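Given next, in structure tokens, is a single chain: the form predicted on its own.
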Amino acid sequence: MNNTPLQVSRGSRASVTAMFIGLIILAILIAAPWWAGRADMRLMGELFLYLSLASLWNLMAGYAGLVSVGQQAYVGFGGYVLFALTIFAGVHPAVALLGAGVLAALVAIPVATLVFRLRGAYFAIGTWVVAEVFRLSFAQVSSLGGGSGTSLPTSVIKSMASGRQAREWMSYWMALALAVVVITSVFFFLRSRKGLALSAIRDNELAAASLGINIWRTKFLVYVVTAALTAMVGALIFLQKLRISPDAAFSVNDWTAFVIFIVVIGGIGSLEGPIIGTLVFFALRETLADLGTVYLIALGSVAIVVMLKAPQGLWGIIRARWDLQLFPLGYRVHPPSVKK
């Protein structure tokens, strides 16, 4: 009988290799202003922002089971808070970005207390209703343009940097930094004790509760943190656009429907899924966007095919085929080597 204990590890050769490749890619992306054109930088900056939104929605829906269709509430809230702080309080846009996250977290506390009384489809509808309340409320603020919206003053724009090129570089780096912060935060959160509790809740809420896990508190924490980071992403989105309006800020198509599409086709409940989904979404958008409504039909068709043929998404196919895990979250058990 072999009494050698089993070997348990989190990382693997693939994850270590992926880490080094990721660092190389990150260095290349940081240097993009010196090798990429202005249009390419704008496209990559938008990609980073959608990747951030998708990773945050995936944390809520894929791990906490909070299927929200109202995350545009915090995208728009963050954008409007940034405009209000920079225009009326004279706050620097970078500081206003952080302020948007803090205020969104504070607002998310009573909102979560309310919507957490709902379950399943009612929760999803409740989050959409909250987003509509946000939209209608900001549409009444005449100092921010009311229903037609407003633009950032020239003085605020120039406070970011001295020249146009410097502002574009700063906007790009801020989008890249925010994406790195979001992915890193989600990764380390899922590796923590709270993340372990979240995985237990996802697998079986009844069993998790029997182990002493506070399900409501864990989901509440995820909701508030996600709201704060989503608001920061929204603030940066409209800082780049330089203009905001209620319909654009709280667009369910732009900030929720497309994000859900990204997560579904990439693979819900995995950190790698939103990355793959974002790349596929932007590839389809850049290829088919000129086709008008055909573009939306194509997106819907792709989503339906993926859900039918690969419920775990594209990353689920890759993981099942090659047993890859680029972000080591769970533990791997290795059988002991047999000594002769």
Partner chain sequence: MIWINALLQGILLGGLYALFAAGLSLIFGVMRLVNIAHGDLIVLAAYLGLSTTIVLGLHPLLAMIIVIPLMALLGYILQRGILNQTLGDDLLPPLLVTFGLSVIIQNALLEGYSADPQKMNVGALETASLSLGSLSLGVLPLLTFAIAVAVIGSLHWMFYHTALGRAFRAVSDNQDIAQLMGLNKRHVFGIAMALSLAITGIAGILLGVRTNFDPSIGGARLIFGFEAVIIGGLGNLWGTLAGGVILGVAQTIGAQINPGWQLLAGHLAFLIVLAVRPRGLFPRMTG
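All of these numbers come straight from a predicted model, not from anything done at the bench. Residue numbers count along the first chain shown, from 1.
Although not depicted, the form predicted in complex with the partner chain is the subject of the following passage.
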Worksheet entry | G145 within 4.5 Å of the partner chain in the model of the complex, heavy atoms | no
Fill in: I28: touches the partner chain in the model of the complex, heavy atom cutoff 4.5 angstroms
no
Discussion item. In the model of the complex, does Y122 come within 4.5 Å of the partner chain, counting heavy atoms only?
Written reply: yes
Item to complete: Answer for R217 alone: is it within 4.5 Å of the partner chain in the model of the complex, judged on heavy atom distances?
Response: no
Worksheet item: Considering the partner chain in the model of the complex, which of I276, L284, V69, A36 comes within 4.5 Å of it through any heavy atom?
Response: V69
Worksheet item: Exactly one of S155, S185, Q140, S151 has a non-hydrogen atom within 4.5 Å of the partner chain in the model of the complex; which residue is it?
Response: Q140
Worksheet item: Check V280, L314 and G316: does every one of them have a heavy atom within 4.5 Å of the partner chain in the model of the complex?
Response: no
Discussion item. Within 4.5 Å, heavy atoms only, one stretch in 124-132, 172-180, 81-89, 235-243 touches the partner chain in the model of the complex. Which?
Written reply: 124-132
Fill in: Within 156-188, the residues that have a heavy atom no more than 4.5 Å from the partner chain in the model of the complex
none
